[in-house]
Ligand SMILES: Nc1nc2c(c(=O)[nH]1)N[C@H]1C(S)=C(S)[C@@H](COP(=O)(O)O)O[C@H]1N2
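Read the single chain below, which is given as structure tokens and is the form predicted on its own.
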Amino acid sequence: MTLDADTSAVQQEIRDESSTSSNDHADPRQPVGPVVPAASAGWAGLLGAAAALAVGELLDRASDQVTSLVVAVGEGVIDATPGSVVARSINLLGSLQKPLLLTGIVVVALLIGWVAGIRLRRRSVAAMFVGFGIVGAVASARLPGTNVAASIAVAALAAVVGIVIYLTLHHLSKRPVNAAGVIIPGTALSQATDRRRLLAFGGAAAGTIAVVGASRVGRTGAGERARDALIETASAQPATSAPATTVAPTAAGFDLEGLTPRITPISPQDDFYLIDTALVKPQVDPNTWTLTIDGMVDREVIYTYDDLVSRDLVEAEVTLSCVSNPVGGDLVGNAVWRGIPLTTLLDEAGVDPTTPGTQIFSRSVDGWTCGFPTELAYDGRTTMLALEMNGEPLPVDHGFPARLVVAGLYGYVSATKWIERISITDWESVDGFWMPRGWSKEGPIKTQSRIDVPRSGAQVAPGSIAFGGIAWSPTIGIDTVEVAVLASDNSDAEPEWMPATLGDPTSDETWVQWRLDWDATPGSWIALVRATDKSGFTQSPIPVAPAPDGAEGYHAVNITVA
């Protein structure tokens, strides 16, 4: 049986004694010291680490002033990760990147506990837990909205619990060993008693950890409860303002299976893309939330949620896109937004677009920041403090209770979710979250197009088939969409572009659906799409990566006609 470091120490002492006195011979039947089998030591370290993490999860659930230690460390990892790495992870994993990061942190912590339990002495393992506690305290205390003292207390308690679980399991796992390093069997009664004690304590610890971990699944936060209450209240009372516009899911004549709907649904299944830096979506209680407008203004103003929802709200259909969206990607969505024109609020603060304040700089409750030129709020595009999305209060994932929506700008420079502050600043004086990570300071959405049907790799029958998809150039609008179909064995040939039929967009701030019917003949084909916006700009065929200011190139799909 493999033994831990304590066994090695005992054997070394036996060898040392043997070398100093040839007349001294240890009786192999007599115990020379207790040891812990390696597997038991590993489990002690792993369960200790799990218990420490579980304490952080439990107290995070109990109080809004502390943050899960796993989440806190994850936020630190995100802040320290270069922008190029984040961009690659978004392209590769999409919305799965954050759950995988959190899972990875937990797995690594448990593995470290396992290995430390086997390889290190008890004091070293205890010191490791203290070190983990310090890392957790620093990571948690630095997050906006957390109580520093509470964060330190939680990390300290987690470390203590981890040490206690580890030492207790380590003690219960001790077995006597003889001079040859072999565990000496005890009586059947003592073995059974020791095994029951170990299994009882270890099972109780593991069960408690599992229950605490499972308690986070399906958890309803303060923001979600408040949003549900708003929906319930609204459904029980007559409407006090005009309802959100009902928009048909597809434009007339485009009843094409697989085509992206005109409005991206948020219920029952949320198809609108979710890309942000929040590992756990902020749960903001609208009863205590406020929005502050300050900086280079005539007067600082503070709004409550009730102040805002009691106003006459405006509505606009706007397409938003993530700068990390690759050519043909799905990090783009179109929704009906309802809220207050940003210029209305800026005017109330006395903002003059001709003053030295040249940047509208916004901050989320979780500390995320971004900024865009002040002049863009006054050039006629939709620039809104949105409170509703597709006729419902903003979902928590999309920024409840309020967020910014700015037509024509990528989200990383404009679309602040869970917003709490808007400051008017100089353009050069402060940069948003993504600028130090290598992304462009300005982020106008580039003209793009996508083929939705048929999907790449599809096999279709000869005859008339329909290509369909979407194209967008918010604030400029789409003028034409063209499709070219090339034989796979002649893909370098000059494309012969065929004009597609366009749908009827609500405005130039939304995407437009398109369709082209093609007479398919047997063979392998590559279909390309390109769009020309109303300024006369046509997409370039040259591929450009998303960083630092958006992807470029033609979207292509491969199909087989057989």
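In case it trips you up, residue 1 is the first one in the sequence shown, and so on. Just so it is clear, the model here is predicted, and its values are computed rather than measured.
One more form of this protein exists, namely the form predicted together with this ligand; it is left out here, but the text below deals with it.
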- Task: Spot the stretch among 163 to 171, 395 to 403, 224 to 232, 422 to 430 with residues whose non-hydrogen atoms come within 4.5 Å of this ligand in the predicted complex.
- Result: 395 to 403
- Query: F361, Y273, F254, F132: which sits within 4.5 Å of this ligand in the predicted complex by any heavy atom?
  - Reply: Y273
- Query: Though this ligand is not shown, can you say which of Y412, W439, F372, F467 has a heavy atom within 4.5 Å of it in the predicted complex?
  - Reply: Y412
- Check, residue by residue, if E482, A520 and Y554 all come within 4.5 Å of this ligand in the predicted complex, counting heavy atoms only. no
- Item | 4.5 Å heavy atom contact, S456 and this ligand in the predicted complex | no
- Item | this ligand contact in the predicted complex: K417, any heavy atom under 4.5 Å | yes
- Message: Residue-level question: is S321 within 4.5 Å of this ligand in the predicted complex, judged on heavy atoms?
- Response: yes
- Item | this ligand contact at T355 in the predicted complex, heavy atom, 4.5 Å | no
- Message: For a quick check, can you give me the residues of 358 to 372 that have a heavy atom within 4.5 Å of this ligand in the predicted complex?
- Response: S364, D366, W368
